[in-house]
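Only one chain is given next, in structure tokens, and it is the form predicted on its own.
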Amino acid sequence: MAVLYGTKVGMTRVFDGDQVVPVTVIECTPNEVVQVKTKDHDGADALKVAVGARKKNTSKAVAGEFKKAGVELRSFLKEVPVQGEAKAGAKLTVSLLDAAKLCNIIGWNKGRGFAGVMKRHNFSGHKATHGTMGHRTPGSVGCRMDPGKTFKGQRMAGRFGSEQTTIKNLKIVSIDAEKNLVIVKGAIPGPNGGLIAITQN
């Protein structure tokens, strides 16, 4: 399985004949291998790769990993299955992807902080008439004497967003190997500049 990390650039559109196709542009700068993990030593065969833009504030321990592999400091360290060249300092590029195959996109959607039930769960709210005291409140959340509790899973206000989301079976419109760009059809989760993982079987 091919796994490649990149950052979301934004959305645009391309023309397929007379049809307008909405697409998302993903910049996949080469994922540099920092460490090669083996089943005997680490419990699994995997590659630890450096992805994202350069990061200034890095702990000495993490910076030492980059220095040992001869790789510049990056924002993230991620593990991917062994693919391509399995040695420290090697680079995983967009050449790993097959434009003829569908791909899955894993992203982290926008964090919206603490949100009420209308924004978080699409509640309709209460009537906007005289006497209404809580226009955007959830209303009753529990029972009376029997069973006398609020059931687990009750939809309430709380933290909204900043969750991992996977969009499956997206078509790759084109791959630009020179500019390290992958263009996929449709929308993907996350803000512009957010970390994105592209997987292909």
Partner chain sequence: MDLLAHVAQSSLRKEALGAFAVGDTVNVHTRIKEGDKERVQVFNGTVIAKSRGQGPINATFTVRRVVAGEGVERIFPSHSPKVVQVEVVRKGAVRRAKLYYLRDRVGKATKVKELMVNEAVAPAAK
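Residue numbers count along the first chain shown, from 1. Since we're looking at a predicted model, the values are computed, not measured.
Not pictured, yet referred to below: the form predicted together with its partner chain.
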| item | value |
| --- | --- |
| Contact test in the predicted complex: Ala187 vs its partner chain, heavy atoms, 4.5 Å | no |
| Contact flag, Gly193 vs its partner chain in the predicted complex, heavy atom cut 4.5 Å | no |
| Heavy atom of Glu27 within 4.5 Å of its partner chain in the predicted complex | yes |
| Non-hydrogen atom contact Gly10 with its partner chain in the predicted complex at 4.5 angstroms | yes |
| Sequence-ordered residues of 160 to 181 touching its partner chain in the predicted complex, heavy atom within 4.5 Å | Asp176, Lys179, Leu181 |
